[in-house]
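Heads up, the chain below is alone and in the form predicted alone; it's given as structure tokens.
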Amino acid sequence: MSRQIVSVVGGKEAAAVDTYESTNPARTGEVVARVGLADADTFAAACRTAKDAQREWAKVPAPVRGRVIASIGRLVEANAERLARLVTEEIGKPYAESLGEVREIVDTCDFFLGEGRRLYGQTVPSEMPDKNLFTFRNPIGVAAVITAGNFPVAVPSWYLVPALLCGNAVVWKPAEYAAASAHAMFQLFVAAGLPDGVLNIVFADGAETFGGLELALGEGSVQKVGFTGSSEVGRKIGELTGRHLQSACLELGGKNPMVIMPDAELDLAVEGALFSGFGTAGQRCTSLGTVIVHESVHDEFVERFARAVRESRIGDPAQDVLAGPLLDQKFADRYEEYLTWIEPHHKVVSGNIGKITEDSPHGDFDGGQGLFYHPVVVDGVKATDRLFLEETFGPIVGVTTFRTLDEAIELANLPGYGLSSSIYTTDPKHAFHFREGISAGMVSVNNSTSGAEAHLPFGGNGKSGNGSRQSGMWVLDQFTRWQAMNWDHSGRLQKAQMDVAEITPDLAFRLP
């Protein structure tokens, strides 16, 4: 039987105005969960509830909040296999990847549990006597967090864990098509002892979420918005928060380049391109967009890459496969559109394109009843092509060539995204020259464009985000506000920049 799921606000189930069926994309006839969708008013009400709960939560000492984060990590660890199986069932991610995603929640908790004892401020010297200066990190208040479903539990943890640790309350709106996974994660967080209202989960469609967010910002019950999703929606959220003088933490799309230098180890580069291009069926914000290959090794690389793609295993995500199905029917429909961007001057070197069926199998796999699509490699892509310039969320990778590293960097930056990037080379000079020139927030050397670690900053620039960073110590600046304090114990009014002692130097002095 499928699960019945509704929003939870202040520890109580909230009313629904509509129903969404979250299905298994590997077997689309299976309903994983029937999800009650809330409206804009419910979202705004959840933000008010969070505002009330946050006041008391902020009074809990930060080291104690850190112990709650530790408990979340242990609970997730104890339930890792069950949660990973649910992720695989609901979004079709291969089980090994799902297990790795759940592990990332544990890693995030392990990192931040100690930050409860390290929310340091500073004691700053004053320019005047008998006066002390201090800085403090204060929680922002309420964070509204809106996440995509391709990483239904790992990416939300990047927001939820540090936000809660810093003393904030959260209203979390996960993707409808990943609602069961999100609800299970919510239950684990609550079981760690979070007071009612400190973490709330609201299921709603995009329009109602945006309307509820607009209401909450207008009422002053939200002080931070975290959003992971498309660049198009990210722009709208950035505009909305800006109108209310609030900032958003935006983690958006990518057109992530991989540069293959003449001295690259090609087998390693092919392995990296295969995983970053087609792992999670190419449905990561860090998925490989275009391989930019030096003309001297182009033919050999393309031949090896195409062969690896043709020989890859696509299929049941519960098995040992490179990729499973696309996340949901709406992503399959969108991917079908991307395939129309293949032009006559392109050369598909990987074999069949489109949906995997009995008439168009991938190896011995006929696609069954799922949203399975052929992995596609398109050679001959030009810098003016849509396939080169725009994000293609799915299993398609373009290939183009370059002559000089400066030309490769220019091509890599041209689409205007700036999330992840990669270069394969054995020359450190090439690696550091690439790092200096690339606009991406993340750079890999001899590694794929995908693969974040919990203690490194994650985030992009340009169309990929507004420069905000998640993960590691850097995300603390998203969920705290600096407060400066000066304490004058001189017994008199000392005016900064005015009542400052001066020591006069003899600047005319010269050595004899």
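One rule holds for the numbers: they count along the sequence shown, beginning at 1. Only a predicted model underlies this, so the values are computations on that prediction, with no experimental measurement involved.
Not pictured, yet referred to below: the form predicted together with a small molecule.
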Checking W172, F151, F227, F278 against the small molecule in the model of the complex, the residue with a non-hydrogen atom inside 4.5 angstroms turns out to be F151
Only hit among G467, P457, P63, G451 for heavy atom within 4.5 Å of the small molecule in the model of the complex is G451
With heavy atoms only and a cut-off of 4.5 Å, decide whether E208 touches the small molecule in the model of the complex. no
Note to self: With the partner left out here, check for me: in the model of the complex, does some heavy atom of C285 sit within 4.5 Å of the small molecule?
What the structure shows: yes
Any of the heavy atoms of V155 lying within 4.5 Å of the small molecule in the model of the complex?
yes
Is there a non-hydrogen atom of E90 within 4.5 angstroms of a non-hydrogen atom of the small molecule in the model of the complex?
no
Counting only non-hydrogen atoms, the one stretch of 431-439, 184-192, 345-353, 155-163 within 4.5 angstroms of the small molecule in the model of the complex is 155-163
